[in-house]
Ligand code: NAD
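Below sits a lone chain in structure tokens, taken as the form predicted alone.
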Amino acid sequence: MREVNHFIGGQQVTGKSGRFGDIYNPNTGDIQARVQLATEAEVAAAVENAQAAFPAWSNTNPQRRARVMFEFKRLLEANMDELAELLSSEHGKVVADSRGDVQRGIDVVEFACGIPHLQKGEYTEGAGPGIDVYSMRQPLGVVAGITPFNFPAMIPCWMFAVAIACGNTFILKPSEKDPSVPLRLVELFHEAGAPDGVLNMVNGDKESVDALLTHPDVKALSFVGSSDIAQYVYATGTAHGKRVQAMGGAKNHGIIMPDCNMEQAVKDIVGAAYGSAGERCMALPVAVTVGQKTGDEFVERMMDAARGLTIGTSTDPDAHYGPVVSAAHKAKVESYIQMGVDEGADLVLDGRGHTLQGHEKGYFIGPSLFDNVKPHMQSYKEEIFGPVLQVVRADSLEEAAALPSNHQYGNGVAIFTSNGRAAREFAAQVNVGMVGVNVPIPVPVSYHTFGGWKRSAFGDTNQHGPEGVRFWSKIKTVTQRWPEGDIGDQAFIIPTMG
């Protein structure tokens, strides 16, 4: 059976722990490979290699570091088909979604190609008598990233592309559910010209996570995953003196105003709610309709749109979405559907029990739609992370806007309206980190920054964009004065014209 190795010091390394995790094919339920789970000693070996590579890499001028990024971008584009198909085989998302996953990673690599400009400091001449002040951005050292299963190409690139461009060396700990694409990313980065030890990868579970969080030579760590684990990562990492950014869960809302283009809103939300089987932290699992008539029309149209979705294997070009990632996750999503029924919400479309002929053991869930969901319900308060859309009804924009503002999560929110003033005020006042106006999934482009509020993010700095450069570097400020004095024969005399 195929095994996924670690990558340390410029080469694949066979694990020594004797512990493995199974990698499933979500379309069939079969085990297709296994991944080695690292020990604390193997994590330490990766840190040691990264530490050894840091002096030379950090002293490599930013233009040369950028050239590695340019070549990495070229290799990602050249290997797009391989990466997308491999991603789909382990995650379950359809190939078109997998290509988008890879492309969003490429976008961040492209941003990192601009590091010679992005890392420039500031300069003030004559801050005092004969005194100049300037600043420089310098790398931190050995840094790490812990990434989730749902975007195994994009999120690793969010982290290591910017971190390494800044002059750091990096250790990637991807999800053990779908680690093959992260391993290919690391191999391609090495092929792009990165020296041995600049980018390493260790597979593992909590043991390897804790080893990274407590190792004294790991200076900063980025995490994306569930909120409970994000809080643990942030608390543990900062307690050990590390700079930490930890992105958690989400419960994104879409506000449906009476004056919106309903046809477009339904088209947008059906994709945002059910696309990639809802396994996106920027999915839109809650629709808040304003007014009785708006709610009735939206639910009726959404039922028709959801029924028209095709659920198929990840390789089916006609499928709108594929299976969820694992049997355990399928059971979790279906338990939330039952929870909503038990709490009294109206289940108008039930996706449980969906099967695909010839793939009866696959992890498929049809689209589910709830109406009349109430804010006190546990199924509303928590992240479901599956193809489930909950409709909450409100009487006014103020009531609707209060729902995402008061929710424990604050990742993303969207408003669908034709009223520019209402949209402007909503965007300014809502207590959420990323806002879409007639945009259902407001993920910022790579040269802006990604990050939520409240229990969706722990730490003060967001992912990628200018915030990413700030997170992965530290600023040093120099105040200098050159005293006057007789330096004799060494004096430099400016020649005069004449």
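Since the model is a prediction, treat every value here as computed from it, not as a measurement. Residue numbers run from 1 along the displayed sequence.
From this point on, the text means the form predicted in complex with the named molecule, which you will not see here.
Asker: Verify the contact flag for Lys206: yes if a non-hydrogen atom of it lies within 4.5 Å of a non-hydrogen atom of the named molecule in the predicted complex, no if not.
Answerer: Answer yes; at least one heavy atom of Lys206 falls within 4.5 Å of the named molecule in the predicted complex.
Asker: Any of the heavy atoms of Ser175 lying within 4.5 Å of the named molecule in the predicted complex?
Answerer: Judged by the heavy-atom cut-off of 4.5 Å, Ser175 is in contact with the named molecule in the predicted complex.
Asker: May I ask you to check whether Glu383 falls inside a 4.5 Å heavy atom distance of the named molecule in the predicted complex?
Answerer: Heavy-atom contact with the named molecule at 4.5 Å: present for Glu383.
Asker: Is Pro152 a contact residue for the named molecule in the predicted complex, using a 4.5 Å heavy atom cut-off?
Answerer: Contact check for Pro152: no, nothing within 4.5 Å of the named molecule in the predicted complex.
Asker: Considering Ser368, Thr147, Ser88, Asn168, which brings a non-hydrogen atom within 4.5 Å of the named molecule in the predicted complex?
Answerer: Looking at the other structure, the residue within range turns out to be Thr147.
Asker: Go through Gly340, Gly249, Pro139, Gly312 and name the one with a heavy atom inside 4.5 Å of the named molecule in the predicted complex.
Answerer: The option sitting close enough to the partner is Gly249.
Asker: Determine which one of 225-233, 80-88, 98-106, 390-398 lies within 4.5 Å of the named molecule in the predicted complex, judging by heavy atom distances; exactly one does.
Answerer: Comparing against the named molecule in the predicted complex, the contact stretch is 225-233.
Asker: Does the named molecule come within 4.5 Å of a heavy atom in each of Trp158, Cys281 and Ser456 in the predicted complex?
Answerer: Contact check passed for all of Trp158, Cys281 and Ser456.
Asker: Output the sequence-ordered list of residues from 5-41 with at least one heavy atom within 4.5 Å of the named molecule in the predicted complex.
Answerer: Sequence-ordered list is empty.
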